[in-house]
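Only one chain is shown below, in structure tokens, and it's the form predicted on its own.
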Amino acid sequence: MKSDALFALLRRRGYLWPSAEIYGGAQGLYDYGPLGAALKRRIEEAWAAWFLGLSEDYYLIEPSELLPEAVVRASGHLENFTDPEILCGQCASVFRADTVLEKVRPDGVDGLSPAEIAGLLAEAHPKCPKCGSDRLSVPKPFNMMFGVAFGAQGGERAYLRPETAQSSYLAFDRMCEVGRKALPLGVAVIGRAFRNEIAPRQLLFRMRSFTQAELQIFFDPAGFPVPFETVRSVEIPVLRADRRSEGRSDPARITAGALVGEGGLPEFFVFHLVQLYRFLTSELGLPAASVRFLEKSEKERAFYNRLQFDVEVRLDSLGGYREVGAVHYRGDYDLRRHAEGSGKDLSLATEAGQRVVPHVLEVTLGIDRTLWALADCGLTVAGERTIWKLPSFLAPVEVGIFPLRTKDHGPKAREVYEALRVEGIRAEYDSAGTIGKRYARMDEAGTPFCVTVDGPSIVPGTSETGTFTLRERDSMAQVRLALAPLLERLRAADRLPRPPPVHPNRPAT
């Protein structure tokens, strides 16, 4: 399904639409409707359950979205948070360099200097996407942060945070007290980030306001113990930088053990690659064949990263692989910069009695991008049916409740609906149209179960409840169940994923 058709379906079903739609929309900004907001929240809850579940010393915080100028100066964002622009000398339009050069350099232009980008323009002679002119040039890098006036007189400067990670670094000193000064210590943030994109495009993949879920794990550089034996034999699809340099774009399935042994990667890094892969495929249900890890070379990766593996999903709607998250080994760059900028000692005493500045492992996921990937990979057309195969724990509506005939069966259907709601099961009552049309609406919205209330559901002459038809979305199989086993079946399906902990029952220090 192409991106326009997929977006039209999501808009029609009330998942999302352009912000300020009655004014023609706002580029790079989208609103989530009832189903979209519910699905987005469920993805966030699933991510928190999985990654905070790795350790009892991983915590979720909710920090401010505004950062004082001193923070972004210390972090390097004032000088380094830029994107290369390309300017059309004919129509004066400005474009992202990777957009104009994507056919020449499909892997992007990360790590290239303005001079190198100018060289690619001179060699490839691409046309302006807007007017068709070949008068394209490279102006100075564009800083993507949103600055705001701060204070009653507007004399101070602040910025909307361009990433959620900085909030975790600012909270590190306080969180050491919460975490009993014990390492590893994880600080997670799920929230909005803001970037003044040069040319927002690809819908939820290039937005000016978006949601990130990021876990920053602070650890002793002398060692980060993980239960690596539990993942040693797990294969994950990886496209290493040397393979890319040979012109290969297909990932190789490599065991975690081989990535550490022959591949030379740290165990803690590979362990978290496996955790992210398992979360996306086994739990969220993205097709394993469509997911890969792409290693960024030293020249391509962010200046603060020692290792950077992006996780990408192959999306038909966007014509290829697109990044949805990453695992970064950031070293001690962030804490050292903030220690220098604030004058605060951010080192910790280790069990060996030495003081160290903790290193950081970052596991990050774009929530909006993941939602789009779930729609792209999960929405299928089978004959006249459009089905979104969402896992039950993600589905905005877990079960649809249908009276066969509203007059005769509506009151009992309402009773069942209320019974499910009391149990915390996400239900929706629907009596409009034929049963077939109601099934179709629920299939398209990703609802995994439907319950029909009909004649056998009502015991004549009593207020007792009989049995109901439970219909399963993917197989369309139907079974008759009484209310108690029906509730049990639905409760069992609605579970958030939780991994075995990395540090089970670690004693307090």
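Given the structure is predicted, the values throughout are model-derived calculations rather than measurements. All residue numbers are counted from 1 along the displayed sequence. What we label the rigid core is the largest C-alpha set whose atoms superpose within 1.5 Å from one form to the other.
Although not depicted, the form predicted in complex with a further copy of the same chain is the subject of the following passage.
> Using the partner position in the predicted bound form, report whether residue 434 sits within 4.5 Å of a further copy of the same chain, counting heavy atoms only.
Result no; residue 434 lies far from a further copy of the same chain in the predicted bound form.
> How about residue 478 - does it come within 4.5 Å of a further copy of the same chain in the predicted bound form, if we only consider non-hydrogen atoms?
No, residue 478 stays farther than 4.5 Å from a further copy of the same chain in the predicted bound form.
> Contact between residue 468 and a further copy of the same chain in the predicted bound form at 4.5 Å, heavy atoms?
No, no contact at 4.5 Å.
> Counting only non-hydrogen atoms and a 4.5 angstroms cut-off, does residue 456 reach a further copy of the same chain in the predicted bound form?
Although a further copy of the same chain is absent here, residue 456 would stay clear of it in the predicted bound form, with no heavy atoms inside 4.5 Å.
> So if I measure heavy atom distances to a further copy of the same chain in the predicted bound form, which of the stretches 114-122, 174-182, 238-246, 221-229 falls within 4.5 Å?
So the stretch in question is 174-182.
> Identify which of 209, 317, 392, 290 has a heavy atom within 4.5 Å of a further copy of the same chain in the predicted bound form; exactly one of them does.
Only one option qualifies, and that one is 209.
> Exactly one residue in 202, 90, 82, 406 has a non-hydrogen atom within 4.5 Å of a further copy of the same chain in the predicted bound form; which is it?
If I apply the 4.5 Å criterion carefully, the residue I get is 406.
> So, a 4.5 angstroms cut-off on heavy atom distances: do all three of 71, 146 and 491 pass it with respect to a further copy of the same chain in the predicted bound form?
Checked in the predicted bound form: all three residues contact a further copy of the same chain.
> Hey, which residues along 41-61 are within 4.5 angstroms of a further copy of the same chain in the predicted bound form, non-hydrogen atoms only?
Heavy-atom contacts to a further copy of the same chain in the predicted bound form: 41, 44, 45, 56, 59, 60, 61.
> So, superposing on the core, is the move of residue 196 at the CA at least 2 angstroms between this form and the one not shown?
After core superposition, the C-alpha of residue 196 moves less than 2 Å between this form and the one not shown.
> Relative to the superposed rigid core, does residue 411 relocate between this form and the one not shown - that is, does its Cα move 2 Å or more?
The answer is no; the displacement is under 2 Å.
> Residue 87: with the rigid core matched between this form and the one not shown, does its Cα shift 2 Å or more?
Yes: residue 87 shifts by at least 2 Å between this form and the one not shown.
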